[in-house]
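Here's a solo chain for you in C-alpha cells, the form predicted alone.
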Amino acid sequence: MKVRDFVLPAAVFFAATLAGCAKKEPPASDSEVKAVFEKTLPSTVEDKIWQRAPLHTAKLLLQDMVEPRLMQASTSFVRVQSVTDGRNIAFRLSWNDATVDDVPGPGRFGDACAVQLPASTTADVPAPQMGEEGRPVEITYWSAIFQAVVNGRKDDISAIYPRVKVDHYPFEAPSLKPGSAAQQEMAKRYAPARSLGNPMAGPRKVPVQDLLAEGPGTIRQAEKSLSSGSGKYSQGGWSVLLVRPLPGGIQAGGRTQAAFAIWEGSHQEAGSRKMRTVWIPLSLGSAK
C-alpha cells in the first residue's frame, strides 16, 4: 500500500469524526418566530432544547422616531428562539457585543434586552413603538447590571468603585446591630432611591422586570412581577433567557406578534435610545 492510499481514508475518517462532534445547529425560521411546544421549559441559555427550537434572525432598526432618539446604529441583529408549555413562554435572545457593560454609575450605561407582546390578542395589534393609549403592551426587560447583582456583586459603593475610600457610614457603626430595625432605618437615609421605593434601586433576586406601556414615555412597572430569566456573556456576545406568562387570549397553537429591543451600554444606549425590531409574527406550537 502506498502512503497516499493510507492518508486519504484517514483524512476522511478524521473529517467525519469532527462533523459528528460538531454542535448541532437549530433549524432556521426566516419569516416568523416559532415557539416549539415542550412540557418543560428551559431553565438556562445552554439547555439542549435550544438545539431544536427554530432560530429567527431579526433585523434591528434605529429608534429614531421619538426623543431621545438613537441616530447611529449599533447592534445589527438579534437571534431569537422560543419555547412554550401552553401557559408560559421562554425566549432565548443572543447578539454580538464586544464589551460587557454591567456596572452602574454616572455616565455609565448597561447592556440590556427586552421582548414586547400585545397585552391582548386581537387581529389588529397596537403600534410597535411601545403600544398606544388604551392598547397596552407587556414588556419583559433584562439588564446586565441586574444580572451582575444577582450573580453576587455587592450592592454597595465599593463594589462599583473598587478604589473608593470610605471613612465612615453611620449605618455601619458598631453600636448598631447588623440587620436590626435601627440599623436598617439608618441605612435608608443613605439610600434615598431605595427608601422611596424606586424599582431600579437596591439588591435584586431576579435580573428581569415586568413592565407595561401605552405608547412612548408611558412605561411603568407591572403590578406583579411574574417573569424570570438569566443572561450569560461568552465568545463576544450575550445570550439571555426570558421566561414569562403568555398574555391573555393566547394559548398553545395560537398566533400573536412579538417585538424585541437591544441596548448596547458602550454606545451610551438607555431608555428610548435603543435598537429595536418591528412586530414579528409569533406562532405557538401545541402538544402532538
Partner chain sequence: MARVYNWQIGREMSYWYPERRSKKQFAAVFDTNKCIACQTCTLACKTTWTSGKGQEYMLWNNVETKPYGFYPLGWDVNLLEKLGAQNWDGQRYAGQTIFEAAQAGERVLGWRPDDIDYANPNVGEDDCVNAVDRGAYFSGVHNSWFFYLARICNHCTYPACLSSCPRASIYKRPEDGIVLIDQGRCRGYQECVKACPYKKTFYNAMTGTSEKCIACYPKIELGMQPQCFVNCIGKIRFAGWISKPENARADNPIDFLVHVKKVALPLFPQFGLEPNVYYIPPLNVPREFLVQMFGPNVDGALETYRNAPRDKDLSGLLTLFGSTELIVAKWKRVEEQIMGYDDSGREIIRVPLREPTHVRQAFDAARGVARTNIS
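Only the largest set of C-alpha atoms that superpose within 1.5 Å between the two forms is called the rigid core. Only a predicted model underlies this, so the values are computations on that prediction, with no experimental measurement involved. Positions refer to the first chain, counted from 1.
The same protein also exists as the form predicted in complex with its partner chain; that form is not shown, yet it is the one meant from here on.
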Would you confirm whether the three residues Asp156, Tyr161 and Arg273 all fall within 4.5 Å of its partner chain in the predicted complex, going by non-hydrogen atoms?
yes
(Q) in the predicted complex, does Arg79 come within 4.5 Å of its partner chain, counting heavy atoms only? (A) no
Q.
Is Val206 part of the interface with its partner chain in the predicted complex - any heavy atom within 4.5 Å?
A. no
Margin query: Whether Phe109 contacts its partner chain in the predicted complex should be assessed with a 4.5 Å heavy atom distance threshold; does it?
Written below: yes
Examine Gln268 and determine whether its closest non-hydrogen atom to its partner chain in the predicted complex is within 4.5 angstroms.
-> yes
Exactly one of Val100, Leu176, Ala201, Ala127 comes within 4.5 Å of its partner chain in the predicted complex through a heavy atom, and that residue is Ala201
With the partner omitted here, the residue among Gly253, Gly249, Pro68, Pro27 that in the predicted complex has a heavy atom within 4.5 Å of its partner chain is Pro68
Within 4.5 Å of its partner chain in the predicted complex, heavy atom basis, the matching stretch of 50-58, 215-223, 236-244, 28-36 is 215-223
Within 159-176, the residues having any heavy atom within 4.5 Å of its partner chain in the predicted complex are Ile160, Tyr161, Val166, Tyr169, Pro170, Phe171, Glu172
Cα displacement of Ala173 between the shown form and the other one reaching 2 Å, rigid core superposed: yes
